[in-house]
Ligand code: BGC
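Read the single chain below, which is given as structure tokens and is the form predicted alone.
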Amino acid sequence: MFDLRKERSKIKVLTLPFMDSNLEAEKRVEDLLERLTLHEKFRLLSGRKRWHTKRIRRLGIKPFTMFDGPHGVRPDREGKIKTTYFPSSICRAATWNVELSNKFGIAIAQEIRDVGAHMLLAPGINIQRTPMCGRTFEYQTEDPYLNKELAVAVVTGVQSQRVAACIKHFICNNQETNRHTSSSEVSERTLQEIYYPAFKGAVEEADAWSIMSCYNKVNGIYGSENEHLLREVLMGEWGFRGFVVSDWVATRYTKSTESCIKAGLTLEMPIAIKYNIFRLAQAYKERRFTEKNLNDNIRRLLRVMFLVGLFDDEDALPKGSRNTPEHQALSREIAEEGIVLLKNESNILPLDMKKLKKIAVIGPTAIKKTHLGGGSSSNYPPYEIKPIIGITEKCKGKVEIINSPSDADITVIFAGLRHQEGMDIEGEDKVSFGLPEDQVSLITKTIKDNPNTIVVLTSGSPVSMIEWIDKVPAVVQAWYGGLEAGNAIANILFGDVNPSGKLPITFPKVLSDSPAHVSERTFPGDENLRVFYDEGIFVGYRHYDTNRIEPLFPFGYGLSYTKFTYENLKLSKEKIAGNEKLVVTADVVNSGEKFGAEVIQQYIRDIESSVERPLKELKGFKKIRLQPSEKSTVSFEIGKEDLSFFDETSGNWVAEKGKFEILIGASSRDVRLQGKFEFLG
């Protein structure tokens, strides 16, 4: 039935200033803020039906909708709506390709738009502190510089489509064990140098529109009520203008309604706990928080609502799309560039079909799909190419695929983990650093039956290989490669694509070599649920270098089917001072016989420092593509900020006078060129 009053109300709302898309954004925000009643503001502070904010009909405010996740949009939990399944974040990070991360951001934002949502609950940019973390696959890297560069690229891509990126989880949510109640005990210098940079970069360089607060405490205070982290650092020092949303039910153990309001938590998801209307009203009545506190939080949410076009004509907004051939091709490209060739004795790879009659393809992960069970990263794609299918299609009519290693010319074993209990999954950490015992037995038995055995690992985190690594000629780290994983793996194995992935995380020989596994107090924590970050700034390769520990495979490592020669290092100056820039150049030649891509990595070492510093720190990287005999000159620019460390005494970043060393190489342990310069202060 036609309701004249409702129609008149709609017309009235449409004529209000905040509905005018030609009006300056901040004026629209202030106009709408002034029109909201106290009760309406309270309603906007908490979620409804898991993924939405509450509607304010009087003012035409539609629900603001947000969906998981890091590797593909998940609009529902039943899989009725299909979306593209992209490779896991650690796989994307292994590409060391900033442009690909940007393209991924654009593509996944288009999928968010197509399902009618306004915010992507990603990317996850927590540092990979331990290979045992259940969500290592969902995060990018152990290194703060690489983490920052990739995070900025993803956020920029997402928000170019007027979709909000929600970077998570702020901060030091580096394990799943006791994640709701533990306290990460971490120094200020460690926060500044290791855990802040990616979040800070996403805010200052990409203008991230939302940040998700963590479940855990940081130095005794929960992330959702941590006024220092949210109000002082994030908003004050970094100039964050978006809104903070809680991780789902992360406010459960916080002290009070007012502590969250004052800290700067705008949105409590998925339901009202601390932001229950009655609790809010009582706290406000008792002046435990002010309308100024409240307005600042609401203003931030409204600002993002306008940024994503919630009040604008849909025809004026970017168009959404999903499951397109372009998105599927991008998923395959990321998988191909992210696959890391770990070992290749006697150049057994790539496989030459002309020389093969039979290939045995065995192992549990050859026939398994990987898109379900990862928690917030679960996804429902329209299809998924399993490894066995990718190889079978590649070999059709050329090579016979069998399951008997002793009868095959080559055997390919697909081993690894899955998104299931005790492995790579949200909510709990891994129960074992090694592969399941039946897989280890399969590998060792197969090697006896057929020495020409290749192991392809499907996992989102390092696993122990100590029992079998010396016995197999080739190992490929394939991660979780998205819906085109099977095709990507086949393309790598048969040489259609030359592997160029580099490890974004150190692979230890044994778990005790990892910096987080020195004692129970460092992981999973003491009896008081405190997790002590005793390693400080020595996370990942910083730890292995400083303590002279030989990793199984170092950070930045990855083989190719061709060879690259590094030469002719040049520094533009011998000395720099103040804000002067130093330009570093080097020539890289493809000295092999195949087209390939190489990631040139630049590390810096402070030769003599007043404080303990890592032996090297990543401060630049470039990915280049070269034909055989082709040469490229890569260039890096170094400034004062690249030489600095955080001084806890003064609370400032400090670059000390003295000599520094430039290290250019193919990994953190494969330095090809070295040079020195002096910083004069």
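Residue numbers run from 1 along the displayed sequence. On a predicted model such as this, the values are computed, not experimentally measured, just so you know.
Another form, the form predicted in complex with this ligand, is not on view; read the next lines as being about it.
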Full three-residue contact with this ligand in the predicted bound form, heavy atom 4.5 Å, for 179, 247 and 376: yes
May I ask you to choose, among 74, 303, 103, 162, the residue with a heavy atom within 4.5 Å of this ligand in the predicted bound form? 74
Name the single residue among 507, 196, 215, 533 that comes within 4.5 Å of this ligand in the predicted bound form, judging by heavy atoms. 215
Residue 68 within 4.5 Å of this ligand in the predicted bound form, heavy atoms: yes
Residue-level contact is defined here as any heavy atom of the residue lying within 4.5 Å of this ligand in the predicted bound form; does residue 121 satisfy this criterion? yes
Can any non-hydrogen atom of residue 51 be found within 4.5 angstroms of this ligand in the predicted bound form? yes
Is residue 426 close enough to this ligand in the predicted bound form to count, meaning some heavy atom within 4.5 Å? yes
Taking 4.5 angstroms as the heavy atom distance cut-off, pick the stretch from 465 to 473, 225 to 233, 446 to 454, 165 to 173 that is near this ligand in the predicted bound form. 165 to 173
